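In structure tokens, the next block holds one chain alone, the form predicted alone.
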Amino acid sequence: MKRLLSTTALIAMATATTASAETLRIGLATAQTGGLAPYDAPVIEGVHIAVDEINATGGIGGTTPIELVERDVRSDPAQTSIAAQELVDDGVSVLVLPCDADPALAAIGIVAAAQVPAISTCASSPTLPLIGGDYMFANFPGDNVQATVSAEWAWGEGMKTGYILYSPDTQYTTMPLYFAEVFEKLGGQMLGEDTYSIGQQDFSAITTRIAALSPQPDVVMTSAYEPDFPSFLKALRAAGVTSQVIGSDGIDSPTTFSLGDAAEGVVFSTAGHATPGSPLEAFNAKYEEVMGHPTETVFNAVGYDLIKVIEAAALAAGSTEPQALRDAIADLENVQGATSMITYKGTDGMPVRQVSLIRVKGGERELVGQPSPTADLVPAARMQ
């Protein structure tokens, strides 16, 4: 009788181990509160929609359900590091890190030591995988790619002079440096640049300098985001500057579209636009069905895409082991996401994916275009 109980216990243990191995555990160390919450929170909504969709069919490939283990890092690098370690200790196979290279890189030592693949929700600095190493991936078009698309559009529209505003406080807000590099390669002239501090409330000195230029620049480019971008834009228009303003994906938010006349005509680069019949249009319809209200930002779809990448990697690897998943992600090609096709093969961890240019018109999105950048114009990553 004692031997029978022992055998039964062993069978139960083996069954539990098999069940565990057939579940893909994804650790989310993301910013659900704090300054990055306007980006990470909608991303995680999209993550949940994708996971629920996959699990409703039995999991990845119909056999491997996904389990999410979540931590709020409160937009803080130190908390990101702590959460990443907790999740690794908890046995996750993939880490999802915040929507900015700086806090994501706070987990670099943990990611490298554990050899667990990590993907930032929406960090776009091309330095992320370069600094982060072989296990660090991005999930968004790179700053250098977005800047090239924006600069080529500005030059093609006849803009010959420019001015940039950036912050040395985060790698993301230095995107205008890439813009200036490309714009000058095309033949444009930069009339000046200014820097600001994250969270700065008064931009009057900067906008006064721009207003004093004669003639004023044809284009002002910045990758400032909330709450800095609205403050800067309002101050710029109040100073009488009528230049074309180009922003980046950080202003793809409801706030931008509620700024009224100040934001009219602003153009920004982002990860996608819902054209008729597109996968993004279908995702937006599903989002509204699930959430009970329309999506207000592309970051919902970006979260959905992140899970589709992990799903594709797990299918290709035939495994939930971290090393196998890492190798599979690095070799992915033409994964269909909600926003576009996504490829990692042949890259250094920054995905090849479509960039959309959007114009604010009457408080709504107007598609300017979805051009591919000229490859030899795309600048090399700037190590800040």
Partner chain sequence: MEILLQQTVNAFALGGTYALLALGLAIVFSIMGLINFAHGELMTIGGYVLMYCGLAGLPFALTVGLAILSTTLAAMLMERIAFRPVRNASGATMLITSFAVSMILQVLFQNFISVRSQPVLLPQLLSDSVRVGGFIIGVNKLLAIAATVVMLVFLDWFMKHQKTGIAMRAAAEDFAVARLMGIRANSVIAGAFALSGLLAGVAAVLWVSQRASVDPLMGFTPVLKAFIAAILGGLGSLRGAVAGGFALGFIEIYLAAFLPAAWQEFRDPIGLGIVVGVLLLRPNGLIPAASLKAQKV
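Positions refer to the first chain, counted from 1. Please read all numbers here as calculations on a predicted model, not as lab measurements.
The protein also exists as the form predicted together with the partner chain; that form is not presented, and the subsequent description refers to it.
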On the criterion of a non-hydrogen atom at 4.5 angstroms or closer, are L186, E333 and S372 all touching the partner chain in the model of the complex? no
Could you tell me which one of A112, L259, M190, I131 places a heavy atom within 4.5 Å of the partner chain in the model of the complex? L259
Candidate from E86, E281, E264, E226 lying within 4.5 Å of the partner chain in the model of the complex - any heavy atom: E226
Exactly one listed stretch (146-154, 77-85, 206-214, 95-103) reaches within 4.5 angstroms of the partner chain in the model of the complex by non-hydrogen atoms, and it is 206-214
Is K234 one of the residues lying within 4.5 Å of the partner chain in the model of the complex, judged by heavy atom distances? yes
According to a 4.5 angstroms non-hydrogen atom cut-off, is F140 in contact with the partner chain in the model of the complex? no
Exercise: D90 in contact with the partner chain in the model of the complex, heavy atom 4.5 Å: no
I'd like to check something about G292: if you look in the model of the complex, is any of its heavy atoms closer than or equal to 4.5 Å to a heavy atom of the partner chain? no
In sequence order, the residues of 288-324 that place a heavy atom within 4.5 Å of the partner chain in the model of the complex are E296, T297, F299
